[in-house]
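Just the one chain here, laid out as structure tokens, in the form predicted on its own.
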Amino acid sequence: MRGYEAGPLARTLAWATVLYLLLPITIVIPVSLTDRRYLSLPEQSLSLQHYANLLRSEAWLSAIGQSFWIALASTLVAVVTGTLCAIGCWRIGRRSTELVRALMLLPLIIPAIVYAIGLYRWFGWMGLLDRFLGVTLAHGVTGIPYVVITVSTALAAFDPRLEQAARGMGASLWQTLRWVILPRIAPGIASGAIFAFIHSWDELVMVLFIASRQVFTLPRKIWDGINENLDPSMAAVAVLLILFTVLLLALDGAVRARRGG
């Protein structure tokens, strides 16, 4: 059967959409190289002074460090919880598990502002406001859907006869999980971890509600910089964020290609 081939109009619309999405991002690169003291395009020459200011700034480096460790810890929470949930739903295989999967996707469905308001009230009662643990748990819970989706997709292609064969040969449930199931779905777990990390790294709305002075992530630092002064260092940070995100997406693409091969 001959596949459908996109016409000139469809290709033109596709490329126009890509350019529309990319142009606002690419303009940040020359702005980060400006020779002025405010956000603007270079006037006389290109300059790396704002990258140097970024690397010398204790406030920026502290925000980058906090964002990294929070993203790493919340990714661990999301991967462990989301993987176990996906495996449990796959193992039980009942209609009720579809409801569980749907509930796990609620953090993606509910608007972030609504979830943040609820967290503010709940964390205030638990004493987790402006705490590393509080932000980590918030990002970890909202990162679970990414892991559930990717791991469930990997499990859909898993042959259950492999599990039955392992159990028939005397392997315990833990041994089957460790040596049979997890290696087969590892690419799905890795993809979920990458997206959960990116989600935590870029998240702002919840941080504005549940963090203040002790926890100051990179998106929060950029937000305050926009409100207080238009420091070109923000453009340098934006370029580094773009490069870091592209690197993670390339890693996810490599993982998916390996899984497909």
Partner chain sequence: MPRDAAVLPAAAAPRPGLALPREAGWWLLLLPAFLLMTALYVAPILQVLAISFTEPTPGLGNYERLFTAAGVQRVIGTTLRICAVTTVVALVLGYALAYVIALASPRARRWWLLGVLLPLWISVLVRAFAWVTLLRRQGLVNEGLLAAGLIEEPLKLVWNEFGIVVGMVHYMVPYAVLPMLAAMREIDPRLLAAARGLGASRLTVFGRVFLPLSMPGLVAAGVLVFIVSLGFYITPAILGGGKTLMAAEWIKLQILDLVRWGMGAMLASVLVVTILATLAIFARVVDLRRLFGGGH
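Numbering follows the first chain given and starts at 1. It should be emphasised that the depicted structure is a prediction, and the values quoted were computed from it without experimental measurement.
Beyond what is shown, the protein has a form predicted together with the partner chain; the following relates to that form.
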Q. Within 4.5 Å of the partner chain in the predicted bound form, heavy atoms considered, which of L33, A63, I222, L54?
A. I222
(Q) Whether L105 contacts the partner chain in the predicted bound form should be assessed with a 4.5 Å heavy atom distance threshold; does it? (A) yes
**Q.** Distance check, L41 to the partner chain in the predicted bound form, heavy atom within 4.5 Å
**A.** yes
Q) At the 4.5 Å heavy atom threshold, is D130 in contact with the partner chain in the predicted bound form? A) no
Q: Answer yes if any heavy atom of I144 is within 4.5 Å of a heavy atom of the partner chain in the predicted bound form; otherwise answer no.
A: yes
(Q) If you apply a 4.5 angstroms heavy atom cut-off, which residues in 152 to 182 are near the partner chain in the predicted bound form? (A) T153, E163, R167, L173, L177, I181
